[in-house]
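We begin with a single chain expressed as structure tokens, specifically the form predicted alone.
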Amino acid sequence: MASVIQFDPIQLPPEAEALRVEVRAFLKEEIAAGTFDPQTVPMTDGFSREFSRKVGAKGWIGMTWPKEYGGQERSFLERYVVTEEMRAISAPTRAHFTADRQSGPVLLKYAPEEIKRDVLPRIVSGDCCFCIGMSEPDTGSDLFAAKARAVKVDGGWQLNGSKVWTTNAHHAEYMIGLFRTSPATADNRRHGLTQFLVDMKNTDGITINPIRFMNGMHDFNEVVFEDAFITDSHLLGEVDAAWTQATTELAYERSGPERFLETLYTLVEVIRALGDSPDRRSAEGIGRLVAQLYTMRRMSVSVNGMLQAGKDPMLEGSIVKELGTNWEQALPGHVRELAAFIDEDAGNRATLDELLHHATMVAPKLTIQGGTTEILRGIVARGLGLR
């Protein structure tokens, strides 16, 4: 059945804009204190438990969650502002971001109470890093084709198989993994998938293999499970019925400003390098890019407002991710064109050249994380009744 794609006309409320002022002041203080440098963080892994703990102390991790688990019960739009400000200035948020964005909400909905009370407060304090175990070596983003298996044994489940493109698995305390517990049926490919909370630090039978970018940096991983045992208490939701759970999780993962701001630092730096009076060609190019950025931002704000209203904007989130990925992946090339008329000997382009080199080397990964472009287009086409 075809769905209607609808981006609700959402405006950020006054409390969100007031929070923006607070976040900017915090970031300014942290930069002044030397906690991070916006011009160099993009060329690192952006992982800092120290910074995450400071963000947690401000109440900005798990801020939409119930207070009984350490949250603030604030809105998705307020959380959006925090994410936008952090990403716009390349703050090192990776130690807590996945747990804040999607893993925590999954635990809130599907985890047993003892897991919620143990894990969620540690996420909120910035002390607990999560990774996501969805994609596999032979299936990519086609989650229906997942082959990694969970077999019921006495007292729990035994995991075997591999997950790939697993961001920060080498740091993570936990993974939320999608495993096949029964075969898919002829009339329902969605059947047979189950989610589990995997303790990455205290479970035997887990091997983490790094997948390095072209510049040698390490973010992605392959995670191999060989008879890894987890207890029944780490089952999330219903056996064989995790597809609905996973798609809800993906709406969180694919719709935020992080899906089009990952290479924004190149645009910021070329604007700085061009100065206050760019030539007409450069000003026009910057204007086009900023207009595109603003359009994607409005779409992303809309999706987050829809999440706040209790809707399930899976199609809209997929569109934001697909458009955003293409834009942020192409951005270094556009910036390089704008920089063509900056004096090669000018001191104001040294940092720009370094950032462009880095962005060009890591840009290919952007079509993998969060769902490949082909899969996202397929989701949208199916939602429109075209396939």
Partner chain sequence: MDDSDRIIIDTTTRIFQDLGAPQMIVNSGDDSWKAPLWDTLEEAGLTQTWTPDDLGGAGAGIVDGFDVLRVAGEYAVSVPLAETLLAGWLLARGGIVVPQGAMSIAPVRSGDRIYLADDGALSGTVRKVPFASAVDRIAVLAHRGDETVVALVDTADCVITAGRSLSGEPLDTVCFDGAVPESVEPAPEGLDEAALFQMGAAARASQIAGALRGILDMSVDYAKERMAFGKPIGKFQAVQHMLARLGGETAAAIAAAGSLADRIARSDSFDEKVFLEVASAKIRAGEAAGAGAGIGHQVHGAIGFTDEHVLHRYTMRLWSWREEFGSESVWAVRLGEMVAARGADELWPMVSAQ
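Note that the rigid core is defined as the largest set of C-alphas that superpose within 1.5 Å between two forms. Because the structure is predicted, anything quoted here is derived from the model rather than measured. Residue numbers count along the first chain shown, from 1.
The same protein has a further form, the form predicted in complex with the partner chain, not shown here; the description that follows concerns it.
Taking non-hydrogen atoms only, P9 approaches the partner chain to within 4.5 angstroms in the model of the complex. Within 4.5 Å of some heavy atom of the partner chain in the model of the complex lies at least one heavy atom of G287. The partner chain in the model of the complex comes within 4.5 Å of a heavy atom belonging to V268. Contact check for L323: a non-hydrogen atom falls within 4.5 Å of the partner chain in the model of the complex. By the 4.5 Å heavy atom rule, the three marked residues E85, L293 and G385 all count as contacting the partner chain in the model of the complex.
Comment: the partner chain is not present in this chain, but in the model of the complex one of L261, V124, L107, V223 has a heavy atom within 4.5 Å of it, namely L261. Among R74, H170, R297, H191, the residue placing a heavy atom within 4.5 Å of the partner chain in the model of the complex is R297. Contact annotation: the partner chain lies within 4.5 Å of heavy atoms from the stretch 297-305 in the model of the complex, the single such stretch among 191-199, 214-222, 297-305, 149-157.
In this overlay on the rigid core, V23 has a C-alpha that sits less than 2 Å away from its partner position between the shown form and the other one. In the core-superposed comparison between the shown form and the other one, D100 has its Cα shifted by less than 2 Å.
Superposition of the core reveals a Cα shift of less than 2 Å for V335 between the shown form and the other one.
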